[in-house]
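The chain below stands alone, shown as structure tokens; this is the form predicted on its own.
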Amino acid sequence: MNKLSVTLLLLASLVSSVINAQHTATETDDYFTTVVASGFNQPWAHEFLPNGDILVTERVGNLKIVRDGKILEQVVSNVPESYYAGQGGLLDIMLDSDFDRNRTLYLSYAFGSSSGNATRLVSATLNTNGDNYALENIKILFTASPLKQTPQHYSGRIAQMGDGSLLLTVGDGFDYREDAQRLDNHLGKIIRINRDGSVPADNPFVAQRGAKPEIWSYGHRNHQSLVIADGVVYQNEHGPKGGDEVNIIEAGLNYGWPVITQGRDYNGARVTPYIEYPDMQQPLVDWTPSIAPSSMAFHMSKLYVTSLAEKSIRMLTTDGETINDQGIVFEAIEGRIRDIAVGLDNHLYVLTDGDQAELIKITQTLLR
């Protein structure tokens, strides 16, 4: 065999190895994955800045900066102190819709201590200090009431409506689930406030005596996702042992927890004898047994839901009135998945959960 034949054979072997390796890594010809950065500690959410930097919240209290595929050693400074215990800590981050003009962002986090804690929402101005960032003009917009003693079920997902008002999910506090049906507290609710923290005049319970005026919907458990697309508010939430849900949220409606659910308590006992009840909304999707849905993104007219227990990403189709689960996609991504978002390049990005977590970019073939 001459040198040319040997060279061609080696090249063919190398190309074949690369193709096989790529196929093994992605398990599909429809997409491939790229690890953008790794080494996060308990991340919860990520947000894309106009200059290409990515901000990542860690429940331990850090707001990390990803630049050119590296996690910067310097974190964003002046981040409010959060209560890091159980499921608490620094949670969601969202840029204001006018961020290019006002440099405003929003953070949610667990506030307080073991004797009394709550979900809190703040606004802040993101300022540049050389190559680093600092939060300034921090303003407390909302703190859930009453304070609770459990470090679970904070929720904390933020979304912004077309009129600029803000929605925030507040969990039921785990041991306080009956409060989700009461309007005199914020537990188990979605609240709506203006960007300055004031209450919109058209909130559904503003005029109801004894009701918290910030309440926008109620009867929720632990809702870690909130997405607004084409004016429709999509939400998912954890049931107990089963009964995970996806809902379309409308102002003033009761979504049933804990009066109705398909799930059972963690000891196997029934939470309630009812799976339906007058004036309570039925979920559009129910996952029993539980998949533990963690976040959601709307991309190319589809909803993508990440999960912790099932360790999956599911694709859902919707017409704004109905939702249909099309099953698991992007199976090459393994492990508990905490967050999903659409990047500036129109590709999906996901954060895995836990220690040494990764930020992963999903490149779909049709978008390359």
Partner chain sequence: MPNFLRNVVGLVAATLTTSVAGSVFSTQSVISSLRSLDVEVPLATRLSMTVDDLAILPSMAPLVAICFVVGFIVAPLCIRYIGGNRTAWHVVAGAVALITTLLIMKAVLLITAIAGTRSVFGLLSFGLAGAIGGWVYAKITTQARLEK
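From a predicted model like this one, the values you see are computed outputs, not experimental measurements. Numbering follows the first chain given and starts at 1.
The same protein also has a form predicted together with the partner chain, omitted here; what follows describes it.
Check for me whether the partner chain, as it appears in the predicted bound form, comes within 4.5 angstroms of all of F174, P258 and R270 - heavy atoms only.
Checked in the predicted bound form: all three residues contact the partner chain.
Selected contact from F99, Y277, F205, F298, since only one has a non-hydrogen atom within 4.5 angstroms of the partner chain in the predicted bound form
Looking at the other structure, the residue within range turns out to be Y277.
Between D163, E178, E136, E250, only one gets a heavy atom within 4.5 angstroms of the partner chain in the predicted bound form; which residue is that?
Contact check passes for E178.
Only one of these stretches, 150 to 158, 192 to 200, 222 to 230, 123 to 131, has heavy atoms within 4.5 Å of the partner chain in the predicted bound form; which one is it?
Every other range fails; the passing one is 150 to 158.
Interface membership of R182, the partner chain in the predicted bound form, 4.5 Å heavy atom rule:
Yes, R182 lies within 4.5 Å of the partner chain in the predicted bound form.
I'd like to know whether R103 contacts the partner chain in the predicted bound form, with contact meaning heavy atoms within 4.5 angstroms.
No, R103 sits far enough from the partner chain in the predicted bound form that none of its heavy atoms falls within 4.5 Å.
Check whether D286 has any heavy atom within 4.5 Å of a heavy atom of the partner chain in the predicted bound form, and answer yes or no.
Outside the cut-off, so no.
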